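First, one chain by itself in structure tokens, the form predicted on its own.
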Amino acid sequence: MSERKTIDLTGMRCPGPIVQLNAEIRQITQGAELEALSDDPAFELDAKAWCRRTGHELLALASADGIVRARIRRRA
């Protein structure tokens, strides 16, 4: 089973969530998953753009009750 880590980025505003996401993804192994929770209105678009730019795989992106949940797989 692959490693999965969840991080709570609620309360942070741009660029904080992406900066923290970038730091956290470096702490997990290649192929592991990181789930990030954020209430920043820009996070959904930022997470998509960040994954495209960095090459990490965006597995899921969902929003409910003001919280965006992004599930990302670390690539090399």
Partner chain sequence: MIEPSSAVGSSADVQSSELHRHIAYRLEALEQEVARLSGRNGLTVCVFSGDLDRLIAAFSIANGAAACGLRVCMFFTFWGTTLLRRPRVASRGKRLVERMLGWLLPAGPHAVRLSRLDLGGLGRRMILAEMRRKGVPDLAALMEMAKNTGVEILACGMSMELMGIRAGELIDYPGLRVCGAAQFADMAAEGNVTLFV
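Being a predicted model, the structure only gives us computed values, none of them experimental. Residue numbers count along the first chain shown, from 1.
Here the subject shifts to the form predicted in complex with its partner chain, a form of this protein not shown in this document.
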Just checking whether G66 would be counted as a contact of its partner chain in the predicted bound form - the rule being heavy atoms within 4.5 angstroms. no
Using the partner position in the predicted bound form, report whether A62 sits within 4.5 Å of its partner chain, counting heavy atoms only. no
Proximity of R75 to its partner chain in the predicted bound form, heavy atoms at 4.5 Å: yes
Can you work out whether L58 and its partner chain are in contact in the predicted bound form, taking contact to mean some heavy atom pair no more than 4.5 Å apart? no
Neighbours of its partner chain in the predicted bound form among 6-23 [non-hydrogen atom within 4.5 angstroms]: G11, M12, R13, C14, P15, G16, I18, V19, N22
